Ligand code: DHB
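Just one chain is shown here, as C-alpha coordinates, and it is the form predicted alone.
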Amino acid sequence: MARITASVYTSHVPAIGAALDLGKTQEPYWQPVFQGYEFGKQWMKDNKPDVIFLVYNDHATAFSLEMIPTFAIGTAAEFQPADEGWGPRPVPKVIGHPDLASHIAQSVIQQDFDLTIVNKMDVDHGLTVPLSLMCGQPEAWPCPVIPFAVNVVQYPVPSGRRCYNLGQAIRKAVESFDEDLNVHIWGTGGMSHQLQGPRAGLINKDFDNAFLDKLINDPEAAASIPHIDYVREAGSEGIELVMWLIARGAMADVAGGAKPKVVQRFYHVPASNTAVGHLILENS
(Lines give C-alpha, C1' and ligand atoms only; values in the text may rest on other atoms or scores of the structure.)
Protein backbone atom coordinates (compact mmCIF):
# COMPACT_ATOMS: atom_id res chain seq x y z
CA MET A 1 0.00 0.00 0.00
CA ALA A 2 0.98 3.65 -0.23
CA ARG A 3 2.28 5.31 2.92
CA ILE A 4 3.10 8.76 4.24
CA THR A 5 6.71 8.72 5.41
CA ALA A 6 7.30 12.39 6.18
CA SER A 7 5.72 15.81 6.47
CA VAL A 8 7.33 19.08 5.45
CA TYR A 9 6.26 22.53 6.66
CA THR A 10 7.36 25.80 5.16
CA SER A 11 6.41 29.38 4.48
CA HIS A 12 5.68 30.30 0.86
CA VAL A 13 6.60 34.00 0.78
CA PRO A 14 6.30 35.28 -2.84
CA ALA A 15 9.40 37.49 -2.46
CA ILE A 16 11.43 34.33 -1.81
CA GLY A 17 10.47 33.10 -5.26
CA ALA A 18 11.45 36.43 -6.79
CA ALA A 19 14.82 36.36 -5.00
CA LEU A 20 15.46 32.86 -6.37
CA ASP A 21 14.37 33.72 -9.89
CA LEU A 22 16.44 36.92 -9.99
CA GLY A 23 19.61 35.31 -8.62
CA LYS A 24 19.62 37.17 -5.30
CA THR A 25 19.99 34.18 -2.97
CA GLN A 26 23.53 35.15 -1.90
CA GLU A 27 22.72 38.78 -1.17
CA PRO A 28 23.22 39.59 2.55
CA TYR A 29 19.50 40.06 3.15
CA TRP A 30 18.47 36.76 1.57
CA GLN A 31 21.43 34.50 2.32
CA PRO A 32 20.27 33.52 5.87
CA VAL A 33 16.85 32.51 4.51
CA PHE A 34 18.19 30.22 1.82
CA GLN A 35 20.92 28.85 4.07
CA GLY A 36 18.15 27.59 6.32
CA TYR A 37 16.87 25.37 3.51
CA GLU A 38 20.19 23.80 2.51
CA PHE A 39 19.58 20.88 4.85
CA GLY A 40 16.08 20.37 3.43
CA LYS A 41 17.34 20.38 -0.14
CA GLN A 42 19.85 17.64 0.65
CA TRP A 43 17.25 15.75 2.66
CA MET A 44 14.94 15.80 -0.37
CA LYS A 45 17.68 14.28 -2.52
CA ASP A 46 18.34 11.59 0.08
CA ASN A 47 14.66 10.90 0.77
CA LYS A 48 13.06 11.41 -2.63
CA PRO A 49 9.32 10.67 -2.46
CA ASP A 50 7.23 9.12 -5.20
CA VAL A 51 4.53 11.75 -4.73
CA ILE A 52 4.17 15.02 -2.82
CA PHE A 53 0.72 15.95 -1.50
CA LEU A 54 1.13 19.72 -1.20
CA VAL A 55 -1.29 21.77 0.89
CA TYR A 56 -1.26 25.47 0.04
CA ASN A 57 -3.59 28.39 -0.55
CA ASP A 58 -4.38 29.97 -3.87
CA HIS A 59 -3.93 33.75 -3.99
CA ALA A 60 -6.85 34.70 -6.28
CA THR A 61 -5.23 32.97 -9.24
CA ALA A 62 -7.08 29.71 -9.86
CA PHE A 63 -10.04 30.88 -7.78
CA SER A 64 -11.63 34.28 -7.27
CA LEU A 65 -14.58 35.79 -5.44
CA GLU A 66 -16.73 34.15 -8.11
CA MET A 67 -15.95 30.69 -6.74
CA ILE A 68 -14.37 29.95 -3.36
CA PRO A 69 -13.88 26.26 -2.50
CA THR A 70 -12.88 25.56 1.10
CA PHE A 71 -10.86 22.47 0.11
CA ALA A 72 -9.91 21.73 -3.51
CA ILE A 73 -7.85 18.81 -4.81
CA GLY A 74 -6.07 18.94 -8.16
CA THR A 75 -6.64 15.74 -10.12
CA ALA A 76 -5.11 16.80 -13.45
CA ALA A 77 -2.09 15.26 -15.17
CA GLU A 78 -0.23 18.59 -15.08
CA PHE A 79 -0.48 22.13 -13.74
CA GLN A 80 1.15 25.21 -15.25
CA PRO A 81 2.81 27.94 -13.15
CA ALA A 82 0.38 30.83 -12.81
CA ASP A 83 0.79 34.36 -14.07
CA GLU A 84 0.18 36.41 -10.92
CA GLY A 85 0.50 39.73 -12.71
CA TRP A 86 4.17 39.80 -13.69
CA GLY A 87 4.40 36.64 -15.79
CA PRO A 88 4.66 33.01 -14.68
CA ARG A 89 7.66 32.07 -12.55
CA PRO A 90 10.43 30.43 -14.63
CA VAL A 91 9.91 27.05 -12.98
CA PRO A 92 8.94 23.64 -14.39
CA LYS A 93 5.32 22.71 -14.87
CA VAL A 94 3.94 20.55 -12.08
CA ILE A 95 3.22 16.95 -13.02
CA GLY A 96 0.22 15.57 -11.14
CA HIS A 97 -0.76 12.07 -10.07
CA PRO A 98 -4.36 11.67 -11.26
CA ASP A 99 -4.77 8.10 -9.99
CA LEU A 100 -3.77 8.82 -6.40
CA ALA A 101 -5.49 12.22 -6.39
CA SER A 102 -8.76 10.70 -7.58
CA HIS A 103 -8.48 7.92 -5.03
CA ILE A 104 -7.88 10.43 -2.23
CA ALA A 105 -10.88 12.47 -3.37
CA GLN A 106 -13.09 9.37 -3.38
CA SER A 107 -11.89 8.22 0.04
CA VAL A 108 -11.94 11.60 1.77
CA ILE A 109 -15.39 12.51 0.45
CA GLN A 110 -16.66 9.13 1.68
CA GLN A 111 -15.21 10.11 5.08
CA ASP A 112 -17.62 13.08 4.99
CA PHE A 113 -15.24 15.85 3.95
CA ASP A 114 -16.52 17.91 1.05
CA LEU A 115 -13.76 18.43 -1.50
CA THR A 116 -13.91 20.35 -4.75
CA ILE A 117 -12.37 18.29 -7.55
CA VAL A 118 -10.33 20.45 -9.93
CA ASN A 119 -9.39 18.95 -13.30
CA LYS A 120 -7.67 22.07 -14.60
CA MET A 121 -5.95 24.95 -12.82
CA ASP A 122 -2.74 26.94 -12.70
CA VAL A 123 -0.69 26.91 -9.50
CA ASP A 124 0.74 30.06 -7.97
CA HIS A 125 3.61 30.91 -5.62
CA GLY A 126 1.85 29.19 -2.72
CA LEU A 127 2.81 25.88 -4.34
CA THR A 128 5.85 26.70 -6.46
CA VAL A 129 7.89 28.58 -3.83
CA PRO A 130 7.94 25.60 -1.42
CA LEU A 131 9.02 23.35 -4.30
CA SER A 132 11.81 25.79 -5.16
CA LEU A 133 12.97 26.02 -1.56
CA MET A 134 13.17 22.25 -1.18
CA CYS A 135 14.23 21.26 -4.69
CA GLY A 136 16.26 24.18 -6.00
CA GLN A 137 16.00 25.13 -9.67
CA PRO A 138 15.80 21.82 -11.59
CA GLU A 139 14.64 21.38 -15.17
CA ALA A 140 11.84 19.17 -13.81
CA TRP A 141 10.45 18.69 -10.32
CA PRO A 142 11.71 15.43 -8.78
CA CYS A 143 8.30 13.74 -8.54
CA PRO A 144 4.58 14.19 -9.19
CA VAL A 145 2.72 16.66 -6.98
CA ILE A 146 -0.93 16.66 -5.93
CA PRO A 147 -2.03 20.27 -5.28
CA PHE A 148 -4.49 20.69 -2.40
CA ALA A 149 -5.78 24.25 -2.08
CA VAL A 150 -7.34 25.53 1.15
CA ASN A 151 -9.28 28.77 1.42
CA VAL A 152 -7.59 30.92 4.07
CA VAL A 153 -8.11 34.15 2.13
CA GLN A 154 -11.85 34.85 2.02
CA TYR A 155 -13.96 34.37 5.14
CA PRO A 156 -15.30 32.03 6.40
CA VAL A 157 -12.15 29.89 6.67
CA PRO A 158 -11.83 26.36 8.08
CA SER A 159 -10.80 25.84 11.69
CA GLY A 160 -7.52 24.30 12.76
CA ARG A 161 -9.44 21.35 14.18
CA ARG A 162 -11.19 20.76 10.86
CA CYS A 163 -7.85 20.83 9.05
CA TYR A 164 -6.25 18.48 11.57
CA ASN A 165 -9.10 16.00 11.19
CA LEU A 166 -8.87 16.28 7.42
CA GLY A 167 -5.21 15.29 7.62
CA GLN A 168 -6.25 12.10 9.38
CA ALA A 169 -8.71 11.34 6.58
CA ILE A 170 -6.00 11.95 3.98
CA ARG A 171 -3.66 9.51 5.74
CA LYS A 172 -6.37 6.82 5.66
CA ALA A 173 -6.96 7.54 1.98
CA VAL A 174 -3.27 7.24 1.11
CA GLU A 175 -2.89 4.01 3.04
CA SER A 176 -5.85 2.46 1.21
CA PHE A 177 -4.28 3.09 -2.21
CA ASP A 178 -3.21 -0.21 -3.72
CA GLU A 179 0.24 0.78 -4.96
CA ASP A 180 3.63 0.90 -3.26
CA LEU A 181 4.18 4.66 -3.05
CA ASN A 182 6.28 6.76 -0.72
CA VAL A 183 4.24 9.93 -0.12
CA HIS A 184 5.31 13.18 1.54
CA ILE A 185 2.66 15.60 2.75
CA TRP A 186 3.54 19.28 2.89
CA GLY A 187 1.81 22.06 4.82
CA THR A 188 2.71 25.52 3.57
CA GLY A 189 2.01 29.18 4.33
CA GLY A 190 2.57 31.37 7.39
CA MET A 191 4.16 32.03 9.75
CA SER A 192 3.04 35.24 11.49
CA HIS A 193 2.42 38.11 9.12
CA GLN A 194 -0.09 40.80 8.24
CA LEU A 195 -0.11 42.52 4.88
CA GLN A 196 -2.54 45.38 5.42
CA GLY A 197 -4.11 47.76 7.91
CA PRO A 198 -2.65 49.38 11.03
CA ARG A 199 -0.82 46.17 11.99
CA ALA A 200 0.84 45.63 8.61
CA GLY A 201 4.24 44.09 9.15
CA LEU A 202 3.29 42.34 12.40
CA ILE A 203 5.61 39.45 13.33
CA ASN A 204 5.26 37.48 16.57
CA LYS A 205 8.31 35.32 17.23
CA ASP A 206 6.93 33.99 20.52
CA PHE A 207 3.69 32.77 18.96
CA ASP A 208 5.50 31.25 15.98
CA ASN A 209 7.94 29.26 18.08
CA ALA A 210 5.23 28.16 20.52
CA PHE A 211 3.24 26.93 17.52
CA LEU A 212 6.24 24.93 16.29
CA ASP A 213 6.63 23.44 19.77
CA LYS A 214 2.96 22.40 19.85
CA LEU A 215 3.07 21.08 16.31
CA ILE A 216 5.96 18.79 17.20
CA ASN A 217 5.06 17.70 20.72
CA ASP A 218 1.33 18.31 21.20
CA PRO A 219 -0.53 18.49 17.89
CA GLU A 220 -3.86 18.19 19.71
CA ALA A 221 -3.10 21.47 21.46
CA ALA A 222 -2.12 23.05 18.14
CA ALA A 223 -5.39 21.86 16.60
CA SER A 224 -7.29 23.45 19.48
CA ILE A 225 -5.94 26.98 18.90
CA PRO A 226 -9.03 29.11 18.20
CA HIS A 227 -9.25 31.11 15.01
CA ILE A 228 -9.20 34.44 16.82
CA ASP A 229 -5.82 33.61 18.39
CA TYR A 230 -4.22 33.28 14.97
CA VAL A 231 -5.59 36.66 13.94
CA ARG A 232 -4.80 38.40 17.21
CA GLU A 233 -1.35 36.91 17.79
CA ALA A 234 -0.04 36.08 14.31
CA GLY A 235 -1.72 38.69 12.13
CA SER A 236 -4.51 38.37 9.60
CA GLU A 237 -2.43 36.15 7.30
CA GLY A 238 -1.19 34.02 10.20
CA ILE A 239 -4.34 31.95 9.69
CA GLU A 240 -2.40 30.18 6.93
CA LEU A 241 -0.87 28.07 9.70
CA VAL A 242 -4.04 25.94 9.85
CA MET A 243 -2.78 24.34 6.63
CA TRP A 244 0.21 22.97 8.54
CA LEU A 245 -2.31 21.07 10.68
CA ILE A 246 -3.49 19.08 7.67
CA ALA A 247 0.03 17.75 7.20
CA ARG A 248 0.47 17.14 10.93
CA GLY A 249 -2.84 15.30 11.20
CA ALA A 250 -1.63 12.86 8.55
CA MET A 251 1.33 11.67 10.64
CA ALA A 252 1.37 8.20 12.18
CA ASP A 253 1.40 9.21 15.86
CA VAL A 254 -2.01 10.84 15.51
CA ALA A 255 -3.38 7.36 14.73
CA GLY A 256 -1.54 5.67 17.59
CA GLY A 257 1.86 5.24 15.98
CA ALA A 258 5.26 6.36 17.18
CA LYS A 259 6.11 10.03 17.64
CA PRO A 260 7.73 11.47 14.50
CA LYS A 261 11.40 12.32 14.35
CA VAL A 262 12.31 15.99 14.00
CA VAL A 263 15.00 16.17 11.34
CA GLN A 264 14.93 19.91 10.69
CA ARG A 265 13.63 23.04 12.38
CA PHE A 266 14.36 26.53 11.10
CA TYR A 267 12.96 29.97 11.86
CA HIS A 268 14.06 33.33 10.52
CA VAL A 269 12.90 36.93 10.58
CA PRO A 270 12.44 38.68 8.23
CA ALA A 271 11.80 37.66 4.65
CA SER A 272 9.96 40.51 3.01
CA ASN A 273 7.54 41.48 5.82
CA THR A 274 6.98 37.99 7.20
CA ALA A 275 8.48 35.37 9.47
CA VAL A 276 9.78 32.22 7.79
CA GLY A 277 9.30 28.84 9.41
CA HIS A 278 10.42 25.40 8.23
CA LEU A 279 10.09 21.95 9.77
CA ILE A 280 10.63 18.37 8.60
CA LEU A 281 9.12 15.42 10.48
CA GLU A 282 9.72 11.77 9.61
CA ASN A 283 7.47 8.92 10.60
CA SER A 284 9.39 6.37 12.67
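Keep in mind that what you see is a predicted model, and the values were worked out from it rather than measured. Residue positions are given as counts along the sequence shown, with the first one as 1.
Although it is not shown, the form predicted together with the ligand is what the next lines describe.
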### Summary
In contact with the ligand in the predicted bound form (heavy atoms, 4.5 Å), from 96 to 104, 173 to 181, 127 to 135, 192 to 200, is stretch 192 to 200
#### Entry: Close approach of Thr25 to the ligand in the predicted bound form, 4.5 Å, heavy atom
no
### Message
Whether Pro270 contacts the ligand in the predicted bound form should be assessed with a 4.5 Å heavy atom distance threshold; does it?
### Response
no
### Touches the ligand in the predicted bound form: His59 (any heavy atom, 4.5 Å)
yes
### Residues of stretch 1 to 28 in contact with the ligand in the predicted bound form (4.5 Å, non-hydrogen atom)
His12, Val13, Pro14
